[in-house]
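Below you will find one chain, with nothing else, as structure tokens; this is the form predicted on its own, and questions on how it binds or moves follow later.
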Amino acid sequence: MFTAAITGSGVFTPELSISNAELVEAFNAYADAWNAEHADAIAAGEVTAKDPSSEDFIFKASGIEQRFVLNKSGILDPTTMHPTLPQRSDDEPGVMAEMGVDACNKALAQAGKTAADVDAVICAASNHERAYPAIAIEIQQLMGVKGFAFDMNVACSSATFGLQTATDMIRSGSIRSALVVNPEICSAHLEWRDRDCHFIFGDVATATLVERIDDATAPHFEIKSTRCATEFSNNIRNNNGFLRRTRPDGLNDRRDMQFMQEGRKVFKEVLPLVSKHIADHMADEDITADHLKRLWLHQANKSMNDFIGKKVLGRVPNDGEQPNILQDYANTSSAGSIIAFSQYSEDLQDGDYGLICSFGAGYSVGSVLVQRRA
């Protein structure tokens, strides 16, 4: 048996961002136009008028202040309300592959390694640009990685499940290293015309390099233990996949084909599931709250993270113990916990413990217990 370690991480951040103020202005213009168009039906009680959104509503509901996106103009156009990403030809790199390569190169640079040091690529994300060929294989080809590659999807837990998969292969000796990459174009499967969720998601890509600990050449995080769990639920669902495509006549413009969530049910059911998962994982490894220096949680909702942090630590987390990046990136699905890890891990000292945890549709929960090695 070999020991695995995270030796590098990287984040690709789009150049464009949308503030809550910009988002509210676009949504309210859309809602006003829709209400005017359906004024007679609203007056007759046949349909319900669309309520306006507000910056205060968004921040209180989520803790989000802005989000990065690949396309801004389409989302903020009240007559479009979705990203407009040009269809690329089969001879061009895919959008997700391009994002993923950027994040992978940053992870390799941090680890002091090159593509020649990588044996496998795992593309673990919520929504894939296509069914096949695998995006991971395209990333492999673009980077010049030998070995093999494959895609996997466990929604918001894809990154932690990917880390467990890479760790298990390294432990068994079948590979020496793997890049786990999480490109997320969340803006492409969000219903921007739905007040209850139009603010939730942003776009990003993250990557982690997992290697045999003996191959690490710089400070790294030894992977002490991993744990995954799933439990079926329809309360978070996406029936359509990647990009929304609406015919000019409006046909096929079905609300149930985009991201949907029963928010209150998710909050009530997921929180105890995640809290218990982390507590059991820590207990099995003889790790107490006093040992844990950092919690890198899935960035779904600030209230959820605050609840989990308090439950796991038995108190309100101190500044820095449970970093949030929601305010800047919004929910980025599988990439969220890795953004937090990448941006808030270098200050840990040799021997310090931390835990990466993601949770979401499935339901799914994944946790990775790590220890800093200088």
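Keep in mind it's a predicted model, so treat the numbers as computed, not measured. Sequential numbering from 1, following the sequence displayed.
Quick note: we don't show the form predicted together with a small molecule, though the next part is all about it.
Contact annotation: the small molecule lies within 4.5 Å of heavy atoms from the stretch 57 to 65 in the model of the complex, the single such stretch among 311 to 319, 39 to 47, 343 to 351, 57 to 65.
Out of the listed residues A97, I200, A103, L297, I200 is the one that sits within 4.5 Å of the small molecule in the model of the complex by at least one heavy atom. Contact with the small molecule in the model of the complex, judged by any heavy atom within 4.5 Å, is made by just one of A120, A124, I278, L190: L190.
Highlighted residues C156, I236 and S333: every one comes within 4.5 Å of the small molecule in the model of the complex, counting any heavy atom. Of the heavy atoms in D196, some are within 4.5 Å of the small molecule in the model of the complex. In the model of the complex, no heavy atom of A166 sits within 4.5 Å of the small molecule. The small molecule in the model of the complex is approached by G360, whose closest heavy atom lies within 4.5 angstroms of it. Although the partner is absent from this view, A136 stays clear of the small molecule in the model of the complex, with no non-hydrogen atom inside 4.5 angstroms.
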